[in-house]
Ligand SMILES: NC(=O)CC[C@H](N)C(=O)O
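The chain that follows stands alone, in the form predicted alone, written as structure tokens.
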């Protein structure tokens, strides 16, 4: 199994480590590679990490990766988008302060996302979220300048909520979290993503 992590910025190393831990735990032989150019897209699944969604989108576009990646995802490539990655996947994105903002997105998932939802004063915080729907428990996770998924429509299904917003949503081969599962003590989100790839 070959899992790629988009590696322009953000928590690439942490995702690679957490994915390897999850593969080991599930006793699956796999490798994790950095994805930077189109030739790196020969993977079984891809992770779009946190970071700054505008920067990730612009660099992906400049590297000629944005459209081929979108095509692969639409053809069924499993993708896990965390924090900025969830913004990249969303069909509808606005900013808590400035409203609609034009930025390069993949834009394939039936979710509405508000960037910087928790505001500057709550830039980073830990919270307990319920991940029992994917075989976990009540897990402590980290939110960093997090967006919020405020609406789920079409084929998207909410897997976890926190204070009236969705923090984990799945739509077929797409999985989005607004928290950082790679900085969490549990590998359950990565294990669940690997199970999506296996299917």
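Positions refer to the first chain, counted from 1. Not measured: the values here are computed from a predicted model.
Same protein, other form: the form predicted together with the named molecule, not shown, and the subject of what follows.
Answer option from 70, 151, 145, 36, heavy atom within 4.5 Å of the named molecule in the predicted bound form
Spelling it out, the residue with a heavy atom inside the cut-off is 145.
Any non-hydrogen atom of residue 51 within 4.5 angstroms of the named molecule in the predicted bound form
Flag for residue 51 set to yes.
Please tell me whether any heavy atom belonging to residue 180 falls inside 4.5 Å of a heavy atom of the named molecule, as the geometry stands in the predicted bound form.
Looking in the predicted bound form, residue contacts with the named molecule include residue 180, since a heavy atom lies within 4.5 Å.
4.5 angstroms heavy atom contact with the named molecule in the predicted bound form for residue 89
Result no; residue 89 lies far from the named molecule in the predicted bound form.
Exercise: residue 112 in contact with the named molecule in the predicted bound form, heavy atom 4.5 Å:
Although the named molecule is absent here, residue 112 would stay clear of it in the predicted bound form, with no heavy atoms inside 4.5 Å.
Of the listed stretches (23-31, 37-45, 60-68, 137-145), which one has a non-hydrogen atom within 4.5 Å of the named molecule in the predicted bound form?
Among the candidates, contact is made by 137-145.
Could you list the residues in 65-88 that come within 4.5 Å of the named molecule in the predicted bound form, counting only heavy atoms and keeping sequence order?
Going through 65-88 in order - heavy atoms within 4.5 Å of the named molecule in the predicted bound form - the hits are 83, 84, 87.
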